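Take a look at this single chain, the form predicted on its own, given in structure tokens.
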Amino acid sequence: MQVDEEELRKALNKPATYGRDLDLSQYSTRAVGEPEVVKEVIERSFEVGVDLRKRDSLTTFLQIDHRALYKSIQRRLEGDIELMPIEEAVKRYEWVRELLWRLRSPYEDKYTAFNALHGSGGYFLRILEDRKMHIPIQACFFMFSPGIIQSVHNIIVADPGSEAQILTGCTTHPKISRGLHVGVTEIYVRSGAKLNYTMIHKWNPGFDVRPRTGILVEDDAALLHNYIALGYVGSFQSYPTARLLGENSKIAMNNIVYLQGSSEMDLGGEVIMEGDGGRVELLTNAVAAEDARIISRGRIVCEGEDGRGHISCRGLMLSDSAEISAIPCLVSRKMSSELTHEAAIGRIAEDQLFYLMARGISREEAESLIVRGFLDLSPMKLPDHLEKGVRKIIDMALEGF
């Protein structure tokens, strides 16, 4: 897509529809020093599910600040997938250039405009037709320099009949107190393809995060879009938009959130079912501790025949200083559709605590067990080895709760 630079510069002053407005001039675009895969990078990346110790044996992409530092394709998968920095893909393939900014507008707000004007890095990933990937492809975006904007653009294409699992971890050096991450991701799931895309975030309290995701799902294709956020963030705002263009296409967006401190998060998702027989689930389980504030939004629009959709927003309050809001929205334009929603916000039930405490478990241990159970991974349909890894990440995040 060709972009209008003059219009982009105008959009640099356009706030997002939701979330705290940020002054982009308060961040730097200059990274400090030459990045390396050092011990702190490996350890912190492991906390968001990316094992850089196995980067030579697993299909891996690593970007630190503005630079794509590392990429590898598992030897036996060469010829089945393509993985490269987005700049390289745009130079190599004219059709990749045509995919850029088709699913999100660069003029949408100041963050997309900044990305279109000044973005640096991101990856292009293509799973070739009818190839089946049983080992996750891993990508990590790591912020190493203080106060910078890391602005990346990713393109994912699952060709017809292909299957893959993608794990993307986004995080920062533990000593860096401030920065902004802007990640534009456009996902194309072609006819009959199946894609499991899981994103795990772990930030420091002063970080702001603005993902922008667009999704297209074709005939008989399915996407599981999973998001996990644990711990702290300054402010977060994301509203992925998906179009179920084909017949019998499916999507599930699953969010698991545990926020502490004075973190602010406005997350959600919108799905438009254009083809007949579409199936949609938007599920959010959110835990707010201390002074955290969470807004959970979900919107399903049914324009095709025989569409089915469900929104579930569940919130667990661990403090009177915390706040959770649930905002589901359903729009039907066909009599044959069936759309439902449920929303519930509450505290840990005393009867559950008493039940566990009666079996010799302390109150603190009982509360921790209940929170872990609330952060249910089963809808994400992760492979066993990946689910075990994510459970370990949740356990690390909840240590000391």
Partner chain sequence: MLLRVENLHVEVGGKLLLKGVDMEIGEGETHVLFGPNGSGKSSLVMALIGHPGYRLIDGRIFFKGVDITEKPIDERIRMGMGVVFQNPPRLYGVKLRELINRVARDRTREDGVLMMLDRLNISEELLERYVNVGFSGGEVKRCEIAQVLAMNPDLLILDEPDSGVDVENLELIGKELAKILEDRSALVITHHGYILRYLKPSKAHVMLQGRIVCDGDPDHILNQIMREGYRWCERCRLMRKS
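This is a predicted model, so every value here is computed, not measured. Positions refer to the first chain, counted from 1.
Keep in mind that the form predicted together with its partner chain is not shown, yet the notes after this line are about it.
Engineer: Could you tell me which one of 343, 42, 31, 361 places a heavy atom within 4.5 Å of its partner chain in the predicted complex?
Structural biologist: Spelling it out, the residue with a heavy atom inside the cut-off is 361.
Engineer: Which residue, 356, 37, 339, 58, is the contact with its partner chain in the predicted complex, using a 4.5 Å heavy atom cutoff?
Structural biologist: It is 356 that has a heavy atom within 4.5 Å of the partner.
Engineer: Out of the stretches listed (45-53, 369-377, 330-338, 59-67), which one is close to its partner chain in the predicted complex, meaning heavy atoms within 4.5 Å?
Structural biologist: Only one stretch passes the 4.5 Å heavy-atom test: 369-377.
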